[in-house]
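For reference, the chain that follows is the form predicted alone, supplied as structure tokens.
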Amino acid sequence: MMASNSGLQLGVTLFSFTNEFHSRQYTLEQLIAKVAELNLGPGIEIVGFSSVRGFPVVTDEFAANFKELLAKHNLKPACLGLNADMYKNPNKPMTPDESLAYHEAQLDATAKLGFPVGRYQFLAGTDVIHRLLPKAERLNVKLGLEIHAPEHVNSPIVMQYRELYAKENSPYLGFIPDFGSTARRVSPAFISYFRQLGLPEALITLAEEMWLSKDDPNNPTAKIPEFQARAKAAGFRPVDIAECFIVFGLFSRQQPAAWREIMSQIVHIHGKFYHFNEDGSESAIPYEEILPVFVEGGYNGYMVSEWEGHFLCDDGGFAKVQKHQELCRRILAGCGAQNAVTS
């Protein structure tokens, strides 16, 4: 099943196969071949520093071989993940000029590998992105800021970039929604993980209840001090309390409809997922509500499947991505989306 040339098209980030790659079960070339074999494209996203030896330096030979490999398997470059790495030296953060040079080198690599979008991070800062924009325009590469939980479309830091974008009014500045920002509960994958660690059930329940509380639902990290205080007062160990902090940073409760505010500036999507219900739906992220927002909003571009469960277990990612794309195709077919139909 191939995607159409317009509308929301499916793909995958190789980040989903971190366990396979880090355990050396697959090389980069073998991962790409497996993606094609399982029909998980056509869009491909990679993270520069984890996928390309020597990145951001990309040799002519590597670039040519990479493009030939994608063409051979009828896959398309969708997005390249860039890093900010402001604290490579923990004792001395990069200066703005150093960060600009760091991003320029990665942008050159993005263009050389044929990716139309470079995903950047909040730590880049609006000044660096402002100065990077002319180069992005020359290279014909869009810069996409990933809006990742705990942030959302109206977070103060996101608003800084929205203001920059409004001022620049350039089609080369955009956003990359991550669906972890649009969750309805803490993923059961994390609850299972906490139980495997042997954390007290009452502590897990406290974390879940506080995440679900109506107090400041769009700012889950603001709940951490209260969670810490209540857990400490209840006598839980600091090391166990610290394990639970992650749920306040990886999931937030923005309503799916909020993505409409920035729809015209969305250049790529991270279809984050962790766990499925028995009926095949995602347990914490309401895809049946999210995907219609993008179809109805006229989004044209890739949504890559991003399984982040390798943080929690040693499972392989291929079967999970297959299940995720089956879910997405069912929902898209129900929306009448063209890319849900075999071409």
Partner chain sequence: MMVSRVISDSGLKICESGAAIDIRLPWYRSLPLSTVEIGEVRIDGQLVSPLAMTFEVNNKRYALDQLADKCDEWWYVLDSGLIHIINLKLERGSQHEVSVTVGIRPPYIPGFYRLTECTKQLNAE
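Take the two forms, superpose them, and find the largest set of C-alpha atoms that agree within 1.5 Å; that set is the rigid core. Computed from a prediction, not measured in an experiment: that's the story for all the values here. Positions refer to the first chain, counted from 1.
Keep in mind that the form predicted in complex with the partner chain is not shown, yet the notes after this line are about it.
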query	finding
Residues F15, P90 and Q121 all lining the partner chain in the predicted complex, heavy atom within 4.5 Å	yes
Contact test in the predicted complex: A222 vs the partner chain, heavy atoms, 4.5 Å	no
4.5 Å heavy atom contact, S51 and the partner chain in the predicted complex	yes
Interface membership of E104, the partner chain in the predicted complex, 4.5 Å heavy atom rule	no
4.5 Å heavy atom contact, E209 and the partner chain in the predicted complex	no
One residue of Y165, Y193, F236, F227 in contact with the partner chain, assessed in the predicted complex (non-hydrogen atom, 4.5 angstroms)	Y193
The single option of V153, I266, L132, A84 touching the partner chain in the predicted complex, heavy atom within 4.5 Å	A84
Which of 271-279, 303-311, 31-39, 284-292 lines the interface with the partner chain in the predicted complex (heavy atom within 4.5 Å)	303-311
After fitting the core, Q228 CA displacement of 2 Å or more between the shown form and the other one	yes
